[in-house]
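Before any questions on binding or motion, here is one chain by itself as C-alpha cells, the form predicted on its own.
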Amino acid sequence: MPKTILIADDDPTIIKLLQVNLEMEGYTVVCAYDGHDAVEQAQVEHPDLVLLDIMMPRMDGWAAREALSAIPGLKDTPVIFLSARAQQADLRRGYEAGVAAYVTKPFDPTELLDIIERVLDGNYERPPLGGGRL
C-alpha cells in the first residue's frame, strides 16, 4: 500500500510540482491550500507524512503543526516544514516545535524526495543549526 503525503501550501504551483514528483515516486498525495484545510484533511486521510508551508492564510504552518500534534491519531505523524523563511531562528523554532525536517524554498525536488524517504524510514538526521539550506 503506497504511503500518503499531505501537502499544504498556498501556492498552487508548488503544490502541483510536489504532487507530480511525489506521485511519480508512487506516493498517494492529498492537497490543502492553507493550514486549516491541512488539519481537516489530515483527520480524514491520516497521512504518513505532512509537508507544511509556514506562511499560509487562515492558519499558518506553526498553528497547523500545533493542531496536528494535539490530535491523538496524528500527533506522531512526521511533519516537514517547507518554507521561504530561512532564518536560523525559524529553523530552530521549527525543530523545537517537533518537525522532522525543515526545508527552505527554493528547494531541489530530488533532495526533498530524499529527505521524505529518509524521514519515512526513520533515517533522517537533521543538519546542525548554523549552516546549510536544508
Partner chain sequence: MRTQSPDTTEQASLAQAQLAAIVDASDDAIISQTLTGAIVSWNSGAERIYGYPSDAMVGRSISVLVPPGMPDVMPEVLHRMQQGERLERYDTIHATRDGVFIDVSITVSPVRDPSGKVIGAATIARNVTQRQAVARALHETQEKYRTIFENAREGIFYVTSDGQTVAANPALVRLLGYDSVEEFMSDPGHLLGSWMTNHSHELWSRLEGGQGVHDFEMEGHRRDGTKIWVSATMVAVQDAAGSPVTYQGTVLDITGQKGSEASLRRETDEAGRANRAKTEFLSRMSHELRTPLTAILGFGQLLQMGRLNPVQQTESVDNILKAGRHLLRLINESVDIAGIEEGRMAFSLEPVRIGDVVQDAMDLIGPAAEQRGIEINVFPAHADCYLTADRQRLVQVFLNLLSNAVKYNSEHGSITLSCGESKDRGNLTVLVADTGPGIAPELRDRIFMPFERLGAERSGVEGTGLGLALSLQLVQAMGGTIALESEMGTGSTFSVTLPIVDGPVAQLGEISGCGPAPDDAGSAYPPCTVLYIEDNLANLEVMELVLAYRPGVKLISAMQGRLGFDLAKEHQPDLVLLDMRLADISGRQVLARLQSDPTTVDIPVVILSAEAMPGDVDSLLKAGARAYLTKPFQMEVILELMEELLGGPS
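This is a predicted model, so every value here is computed, not measured. Numbering follows the first chain given and starts at 1.
Missing here is the form predicted in complex with the partner chain; even so, the following discussion is about that form.
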Looking at 37-45, 93-101, 66-74, 50-58, which lies within 4.5 angstroms of the partner chain in the predicted bound form, counting heavy atoms?
50-58
Classify residue 10 as contacting or not contacting the partner chain in the predicted bound form by the rule of any non-hydrogen atom within 4.5 angstroms, answering yes or no.
yes
Quick one: does residue 107 come within 4.5 Å of the partner chain in the predicted bound form, counting heavy atoms only?
yes
Close approach of residue 120 to the partner chain in the predicted bound form, 4.5 Å, heavy atom
no
Using heavy atoms and a 4.5 Å limit, would one call residue 16 a contact residue for the partner chain in the predicted bound form?
yes
Of the residues spanning 63-102, the ones with some heavy atom within 4.5 Å of the partner chain in the predicted bound form are 84, 85, 86, 87
